[in-house]
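The data below hold one chain only, encoded as structure tokens and taken in the form predicted alone.
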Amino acid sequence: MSKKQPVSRRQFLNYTLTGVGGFMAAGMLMPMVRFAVDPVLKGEAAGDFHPTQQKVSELTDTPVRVDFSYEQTDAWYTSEVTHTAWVYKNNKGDIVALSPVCKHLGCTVSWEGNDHKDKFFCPCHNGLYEKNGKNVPGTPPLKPLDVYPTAEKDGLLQLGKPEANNV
């Protein structure tokens, strides 16, 4: 027959405190682990396109201003965000969508503003961009305008997240 060893008071306290301490440590570490792992588990939204009201069939070689809105969620706050793009078809028939945000100080550029023919003009410091978004040398902007990836769905233009323009 095996004889049971009684648990001493010291062993009982040791087991109890170890269990309670482990439970409390797990309670503190779980939110930290969740915070670190959560971005990996979420789907990436970089490939998402936002619909516009612009019909692709109506686009020409003259840039038109296209406004589009989408819902954005930051943590627990959801808001409606509105963006703008200058959109046209180039000589190959490809759709080009440029961000209107000047790369100098973030002002909004306009097409053929201040009588600058076939150029985007930034009124803040007289910045100029070519039609393809390339910055004109000798003017304040040091980089070309960002470009939006484009897609077409049901005859309407869709725009993605702006990317650096490599012209």
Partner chain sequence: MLNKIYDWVDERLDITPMWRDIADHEVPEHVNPAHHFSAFVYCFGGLTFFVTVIQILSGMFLTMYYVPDIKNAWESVYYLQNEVAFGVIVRGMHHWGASLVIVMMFLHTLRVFFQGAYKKPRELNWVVGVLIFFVMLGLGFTGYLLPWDMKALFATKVGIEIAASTPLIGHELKVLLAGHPDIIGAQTLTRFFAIHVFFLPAALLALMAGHFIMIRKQGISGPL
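Numbering follows the first chain given and starts at 1. So that the term is clear: the rigid core is the largest set of C-alpha atoms that superpose within 1.5 Å between two forms. Since this is a predicted model, take the numbers as computed values, not measurements.
What follows is about the form predicted in complex with its partner chain, which we do not show.
Visitor: Against its partner chain in the model of the complex, would Lys117 count as a contact residue? Criterion: heavy atoms within 4.5 Å.
Guide: No, Lys117 is distant from the partner.
Visitor: Asp38 versus its partner chain, in the model of the complex: is there a non-hydrogen atom within 4.5 Å?
Guide: Judged by the heavy-atom cut-off of 4.5 Å, Asp38 is in contact with its partner chain in the model of the complex.
Visitor: Look up in the model of the complex whether Pro31 has a non-hydrogen atom within 4.5 angstroms of its partner chain, and give yes or no.
Guide: Yes, Pro31 is a contact residue.
Visitor: Any residue of 62 to 85 with a heavy atom within 4.5 Å of its partner chain in the model of the complex counts; write them all down in order.
Guide: Heavy-atom contacts within 4.5 Å come from Ala75, Trp76.
Visitor: Rigid core superposed, CA of Arg10 - does it shift 2 Å or more between this form and the one not shown?
Guide: Yes, Arg10 moves 2 Å or more.
Visitor: Could you tell me whether the Cα atom of Gly21 shifts by at least 2 Å between this form and the one not shown after core superposition?
Guide: Where the cores coincide, Gly21 still shows a C-alpha shift between this form and the one not shown that is 2 Å or more.
Visitor: Just checking, between this form and the one not shown and with the core aligned, does Arg34 shift 2 Å or more at the CA?
Guide: True for Arg34: a C-alpha shift of 2 Å or more.
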